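In structure tokens, one chain follows: the form predicted on its own.
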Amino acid sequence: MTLPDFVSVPGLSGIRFQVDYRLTGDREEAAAKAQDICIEQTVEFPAELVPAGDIRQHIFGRIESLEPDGPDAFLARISYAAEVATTELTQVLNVLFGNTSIKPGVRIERLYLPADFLAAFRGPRFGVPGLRDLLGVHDRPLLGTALKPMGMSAEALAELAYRFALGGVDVIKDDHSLADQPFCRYEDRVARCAEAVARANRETGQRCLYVPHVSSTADGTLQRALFARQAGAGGVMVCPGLTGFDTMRLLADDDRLDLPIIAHPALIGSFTTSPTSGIAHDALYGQLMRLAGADATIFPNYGGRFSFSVEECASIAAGCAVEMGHFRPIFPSPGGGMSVDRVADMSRLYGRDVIYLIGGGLHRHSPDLVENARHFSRMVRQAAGAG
């Protein structure tokens, strides 16, 4: 035996967090998968060689329950010691799924993170109440749109932003395809669009926010975000699948920035496309986005050009508001092929705490972009029963 017979681990608090994993197979197969997760996500060492003591009793993952979840599937609730995950988001994600993400037939369904565990994380800086306060809008859903298509100049995109803001759109963001291309440089675009929206706000008395896309290199994302702040942007958009979830957390925690953060789902779609592997919609787009500091989370709406169902979209909205210690609820922001005439139907599903993200659909209603935005606003107000 190369290890001692007994190991005592100092500093264990007894605090544990729990994860629900959906496991395919019969009970025997599911039980074997659950036991494998307990080892793989912690010690990653032959269980029979691990000495007695605190490693076995506390460091190992622990199966709390194993219940049927439909034909040939079981739901395993597994707990982990808080000290295994530490207070670093990267390690939390590593413990949640790490090596197990490589194995088929395992899907994260829900996270149960106690308040004592979440105390180490700031979470969303603004969330639903803070973003509403910034905009001065408390009685209806928020209106959002994106600046597109790629290939337009910074000047042309700023003119679009100005018209959208005149029409009453609350959040005008860059499309995630906009970066620092030679035909539309980042700093030029951000400065022009921020000024255009500020000009419209002076004319309307509203508080529309311009939100540029800041995802960049490992050392460039924060610099882009700080430039956006200096230029007068009202928020920033991050693709955590491109930059890493902890980069988004870094922006959310930085007091120099102090701006709302909108998360975009680029590159993480495959996490949810399989019903038997990956991460469930509400856990990914709701809980994990909040853990990483997002104030709003973009995802494909049902019935658009993507394949999300009504039930999956409803689950995301639930994940944006589920109890998570001191964390504020955040805005679900459905988009992707949406149209203005579907607002009433969506209102029944999402209620008032939602940002409707309509892009190309705002250009189809008429040649007058300002009037199109006002029509969008009227439809949302009517569906919400707001004045």
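Since the structure is predicted, the reported quantities are computational estimates derived from the model, not experimental observations. Residue numbers run from 1 along the displayed sequence.
A second form of this protein, the form predicted in complex with a further copy of the same chain, is not displayed here; the remarks below concern that form.
Engineer: Note which of 198, 266, 231, 135 lies within 4.5 Å of a further copy of the same chain in the model of the complex, where distance is taken over heavy atoms; exactly one does.
Structural biologist: If I apply the 4.5 Å criterion carefully, the residue I get is 266.
Engineer: So which of 63, 31, 43, 321 gets a non-hydrogen atom within 4.5 Å of a further copy of the same chain in the model of the complex?
Structural biologist: Among 63, 31, 43, 321, a heavy atom within 4.5 Å of a further copy of the same chain in the model of the complex occurs only for 43.
Engineer: My question is simply whether residue 306 lines the interface with a further copy of the same chain in the model of the complex - judged by any non-hydrogen atom within 4.5 Å.
Structural biologist: It does: once a further copy of the same chain is placed as it appears in the model of the complex, residue 306 has a heavy atom within 4.5 Å of it.
Engineer: Is residue 129 close enough to a further copy of the same chain in the model of the complex to count, meaning some heavy atom within 4.5 Å?
Structural biologist: Residue-level check for residue 129: no, no contact with a further copy of the same chain.
Engineer: Wondering, does residue 176 line up within 4.5 Å of a further copy of the same chain in the model of the complex on heavy atoms?
Structural biologist: Answer yes; at least one heavy atom of residue 176 falls within 4.5 Å of a further copy of the same chain in the model of the complex.
Engineer: Residue 98 near a further copy of the same chain in the model of the complex, any heavy atom under 4.5 Å?
Structural biologist: Contact check for residue 98: yes, within 4.5 Å of a further copy of the same chain in the model of the complex.
Engineer: Looking in the model of the complex, is a further copy of the same chain within 4.5 Å of a heavy atom from each of 94, 150 and 246?
Structural biologist: Every residue of the candidate spot has a heavy atom within 4.5 Å of a further copy of the same chain in the model of the complex.
Engineer: Given the stretches 136 to 144, 113 to 121, 151 to 159, 204 to 212, which is the single one in contact with a further copy of the same chain in the model of the complex, using a heavy atom cutoff of 4.5 Å?
Structural biologist: Checking each option against the 4.5 Å cut-off leaves 151 to 159.
Engineer: Along 361 to 385, which positions have a non-hydrogen atom within 4.5 Å of a further copy of the same chain in the model of the complex?
Structural biologist: Those in contact are 363, 364, 367, 368, 369.
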